[in-house]
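Below sits a lone chain in C-alpha cells, taken as the form predicted on its own.
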C-alpha cells in the first residue's frame, strides 16, 4: 500500500498530427499539476485536499475545458460544472451552470461541507458562491478567442462536439486545432488507503444552454469509495448511460475484479470513441484507460512510477517514464 495520483485533461479524437504548439503547453501543464499533487501527498495532505488543489490548477489553465478556457454553449455563454467526492465518508458536492465562479471545484467542496445538500446549480449555485465569498470574475474571464472560433465552426457544421474533435473540413484551424482542450480531473489515494476524486468541465462545444453532463453526477463522471476513486472524461451522455465511475467501483466490490480489470471492462462496454478515465485503488494501484484516439493524462505512485501521455503507449513516441 502507498500513495498514488492520476489526472487527466480530457479524452477524444486527438489527432496524431497535433502540432507542438498544441501539445507542449498541455504536457507542461499536466507535468506541473502532477508535481503539485505528488508534493502535496508527500507532505501528508489529505487526498480530498490534493484533488481539489490539482483540479483548481487545471481549471486555471486555459489549455483545458474547465474554468478559464471552458467551451461555449450554443448561446455563446459559459456553463461550468464540477464535482468532488471523499471515498472515506462518501460525502460529495457538485455544481452546474456556473458563469462567474473562478474555481468550480472549490465551490463543489463548499456545497459538500457547508450545506445539507449534494448538488446546486445555476442561480442557486451562483448565489451560494456569493454568500461564501469565493472568487468570481466576469464571464468574459473564462472565454478565449479559440473557443469563440470553435463555437462558430461547430455551428457551421451543425454539431455538438466532444472535448477533442477532428478539425471540421474546410474550417480554418486555430493555432491549437479545432478542439484541443478537454475536461479535467484528478484522483488520489494516501498511504492509509483513503481515496478522493474531483472532476471539472465546461461541457460540450455548442451544447444547449442548461445541458448538464456526467461530471457533476455521482457515479457517472465522478465517484470514490473505499475501493477506488474514478474521474471520467469524454461524451457525457454516454458516460451517464454507462454509469462509468460507479461501475468500476461496483465490479471491484461485488465481483472482486482488480482496478485495471474493472476499468478495462467498463471502457470496453462503453461505445468506442466516447470515454476515458483515470482511477486509483485503495492499495495504490493506478490505471488510465480510454477508447478514444487519445487522452491527456499523467500519474505517479509512491514506488517511483511516473507517466505522462496522450496517445496509447508507443504511438507517436508517446508516454514518458521519468521514474520507472
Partner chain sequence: MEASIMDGHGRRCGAVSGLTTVKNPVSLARLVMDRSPHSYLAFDGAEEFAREQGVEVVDNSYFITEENMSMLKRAKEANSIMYDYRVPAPGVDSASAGLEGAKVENGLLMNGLRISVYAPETVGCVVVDSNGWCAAATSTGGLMNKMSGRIGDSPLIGSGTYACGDCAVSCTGEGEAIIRSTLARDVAALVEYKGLSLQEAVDYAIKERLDEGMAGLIAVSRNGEVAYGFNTIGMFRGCATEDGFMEVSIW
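These figures come from a predicted structure and were not determined experimentally. Positions refer to the first chain, counted from 1.
One more form of this protein exists, namely the form predicted in complex with the partner chain; it is left out here, but the text below deals with it.
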Item to complete: May I ask you to check whether residue 237 falls inside a 4.5 Å heavy atom distance of the partner chain in the model of the complex?
Response: yes
Discussion item. Does any part of residue 151 reach within 4.5 Å of the partner chain in the model of the complex? Heavy atoms only, please.
Written reply: no
Discussion item. In the model of the complex, is there a heavy atom of the partner chain that lies within 4.5 Å of any heavy atom of residue 210, even though the partner is absent here?
Written reply: yes
Worksheet item: Heavy atoms within 4.5 Å of the partner chain in the model of the complex: does residue 91 have any?
Response: yes
Worksheet, complete the sentence: Of 214-222, 100-108, 188-196, 134-142, the segment with heavy atoms within 4.5 Å of the partner chain in the model of the complex is residues 214-222
Fill in: Contact check for 118, 204 and 247 against the partner chain in the model of the complex, heavy atom at 4.5 Å
yes
Worksheet item: Heavy atom within 4.5 Å of the partner chain in the model of the complex: which residues of 185-203 qualify?
Response: none
